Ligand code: AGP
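To begin, one chain is listed below as structure tokens, in the form predicted on its own.
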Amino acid sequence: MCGIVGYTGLDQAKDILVDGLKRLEYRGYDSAGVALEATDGAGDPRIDVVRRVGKVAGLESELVGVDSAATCGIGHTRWATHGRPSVANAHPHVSCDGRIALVHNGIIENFAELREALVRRGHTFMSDTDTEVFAHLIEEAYDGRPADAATGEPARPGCHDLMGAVREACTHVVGAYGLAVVCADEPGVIAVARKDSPIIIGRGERGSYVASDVIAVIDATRDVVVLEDGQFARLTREGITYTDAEGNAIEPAVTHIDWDIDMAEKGGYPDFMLKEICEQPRVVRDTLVGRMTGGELDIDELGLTMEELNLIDRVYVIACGTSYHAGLIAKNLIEMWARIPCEVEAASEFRYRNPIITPSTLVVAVSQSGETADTLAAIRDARIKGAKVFGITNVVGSPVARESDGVIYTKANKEIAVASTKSFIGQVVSLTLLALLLAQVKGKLTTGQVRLLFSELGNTAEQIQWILDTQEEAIHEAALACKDAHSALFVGRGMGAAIANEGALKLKEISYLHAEAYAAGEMKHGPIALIDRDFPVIAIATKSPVYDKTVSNLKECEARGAKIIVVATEGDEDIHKIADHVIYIPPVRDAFSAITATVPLQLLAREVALMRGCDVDQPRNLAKSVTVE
């Protein structure tokens, strides 16, 4: 899944598709491709497909020699869910006869059984993707389905209508899809379908457009239709028709886009930081897509066998900055579930202290950009010493990914704001998957326990959305209490102590307000000396085994006149007895509280920064990736 663009009209399609794909690059991807209408030597129509692993610029170079006369085509940037990044797995995918090509965002949950049935009926698959199932289903619906000797299912006649074939194919699919399809037998036509995966349709002066994001087509049209679930569209150079699942004509609402290009990239948000915070429910979902197969965790990019994993007896998580804080959370989870000793090291220090590494050591390198110089140097040293190395990164093909034995991509898509938000959440989710996998391999958690925890992990997407929808006023009031302070203290216990570190970093890096984080139990060992009247103390006091201990520590701050701001569990009314301001998160298992409790701290930091007149997207002295030591 990732980005879709399509065009049919009066102009050459190739350049329009490439420009649209470039606009969609911010979403992150591992490969790109286009399908263009063409004709053979006899003048008969065909579909030309060009695909390339890597950047759109590489695809553009490969298209230089391709006939540019085509006025209809579709394009895609892919981020792997089923199947590794490769030319074979890149979109568009085609039918057996090559006359139908399509691009797809989403996930086909029943693709394994569909694929098995299609192979039994004579179809040949050329990729490992779930998407290719759609190409063969549409081919059968278009040309007719042969009898299935194994099941006794009789042959079915074809409908010989692309739009009808797409509707028929969708009835067999369980899952999510945003789909754009072309067929050599219907030149100039693009058939579109949507279920649980965004698709927009636009009509310009010189043709019709489809995309997964308005930014891809905003130069051509400002009037778009946001296709709803179960709706279909047929695009031609002359116009667009819309139908429901039964083929009945419908008249969808048209939305006028009044953003400029800059605002289109921001999706209508005032800054990238807020946009990226609000994308975090999607990041959780995307990072988990395809990770549970047959009731067991499936991380096919791992690069390590189950036997090799079972031999792991020590884990180092190495990272810098925000990624280091994700590692602190991972340490809790790996030791709790897998019962493997885990240390978290600043990558800048790891390589200089001669750590104890053996062939049964797993070094997990966490880097948003995959380019962090200190992290790269550390994993190179670890490999020389014989460690297995595993990467957690947001950038496909980055140096960390290339130099690791395996990798989990965080699926956060491109992050623009310097202060990491959605990448951090993606890292925490990815590290949680790794902790669950190690526990599964070691036999410390049963299959049933892993399934339950995976399900609850997925629920955090909705919980983040609840915070975004309901806590704006509470966060604003808390920010007012912080904006004129000279320093702030973040505290928590257990998982809350790890979260406090990230909260303090966010506040100081974008608002320039000094902040420190401490385990709440350490207050009396020095930090409590800082506290006087109206000094902000921001606490993570969610319902957990250490809740009462945290409240006791906060009473010590209250007695000294501190301004107490608490991130608490929804329904906790007692916390108001000591807190000046309360920001709620939904009830959540303590193991997953880092994912939800971090979100209000991100929003609080942003709100304080805006009140202090700071640029939240580009804080002074900071860069998105640190590529020198």
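For every residue, the number given is its place in the sequence shown, counted from 1. For clarity, every value in this text was computed on a predicted model and none was experimentally measured.
Just so it is clear, the following notes concern the form predicted in complex with this ligand, a form of the same protein that is not shown.
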property: Non-hydrogen atom contact residue 420 with this ligand in the model of the complex at 4.5 angstroms; result: yes
property: This ligand contact at residue 131 in the model of the complex, heavy atom, 4.5 Å; result: no
property: Interface membership of residue 139, this ligand in the model of the complex, 4.5 Å heavy atom rule; result: no
property: is_contact(residue 240, this ligand) in the model of the complex, heavy atom dist at most 4.5 Å; result: no
property: Selected contact from 71, 369, 544, 463, since only one has a non-hydrogen atom within 4.5 angstroms of this ligand in the model of the complex; result: 369
property: Among the candidates 388, 493, 93, 506, the residue which, in the model of the complex, approaches this ligand to within 4.5 Å (heavy atoms); result: 506
property: Stretch in contact in the model of the complex with this ligand, which is absent here, among 213-221, 131-139, 75-83, 316-324 (heavy atoms within 4.5 Å); result: 316-324
property: Direction of the Cα shift between residue 79 and residue 455 in the model of the complex, where the change is 3 Å or more; result: farther
property: Closer or farther: C-alpha pair residue 321/residue 79 in the model of the complex, relative to this form, given a change of 3 Å or more; result: closer
